[in-house]
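Single chain ahead, by itself, as structure tokens, in the form predicted alone.
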């Protein structure tokens, strides 16, 4: 995800200082990977340099003064274009898991162990996500559903590969 575009989108709701942008970003999108303050300020610096934000004042507080940033018309146009640009589908044609299965077969190791170990790891992650989803708000539920659907697809692949393991073993040996 583009951090710059996310910050621009947050600035569309009104001017904010970097600390506030980080807080709102972390609440909405960064539960598992919060932004570092340095990343916020370096991104704001780049957005400022590119004319997508402007400084819109300084807030005095209990600590150092805080610069407020506001989105420019160019920033609104930029974030609008980003919102309607489709993300590239994640196509996993170079899968580490597939590589492990083939290498296990090539070396005479038990590829079923590789598949079973991975299946167990996926099921554990799915249980954890399901618990988080159950206890979470709508945002957590939606992000957990996204992750769960990807894990379900991986599990289908694991089952398909396990069912075709003998055929793959013959091809790898040949």
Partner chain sequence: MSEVLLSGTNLGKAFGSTPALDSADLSVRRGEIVAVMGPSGSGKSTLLHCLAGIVTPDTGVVLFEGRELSSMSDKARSALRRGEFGFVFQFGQLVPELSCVENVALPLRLGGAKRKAAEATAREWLARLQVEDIAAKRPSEVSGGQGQRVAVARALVTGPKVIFADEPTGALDSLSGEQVMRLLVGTAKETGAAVVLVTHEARVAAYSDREVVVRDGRTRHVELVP
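Bear in mind the structure is a predicted one, so any value in this text is a computation, not a measurement. Numbering follows the first chain given and starts at 1.
This protein has a second form, the form predicted in complex with the partner chain, left out of what is shown; the following refers to that one.
The partner chain in the predicted complex is not approached by residue 35, whose heavy atoms all lie more than 4.5 angstroms from it. At a distance threshold of 4.5 angstroms between non-hydrogen atoms, residue 133 is in contact with the partner chain in the predicted complex. Contact between residue 12 and the partner chain in the predicted complex is not found at the 4.5 Å heavy atom cutoff. Among residues of the shown chain, residue 39 is not one whose heavy atoms approach the partner chain to within 4.5 Å in the predicted complex.
Only one of 105, 148, 70, 48 comes within 4.5 Å of the partner chain in the predicted complex through a heavy atom, and that residue is 148.
Annotated contacts: 52, 55 and 76 are all free of the partner chain in the predicted complex [non-hydrogen atom within 4.5 angstroms]. Heavy atoms closer than or equal to 4.5 Å to the partner chain in the predicted complex belong, across 115-141, to the residues 116, 117, 119, 120, 121, 123, 124, 126, 127, 130, 133, 134, 141, ordered by sequence position.
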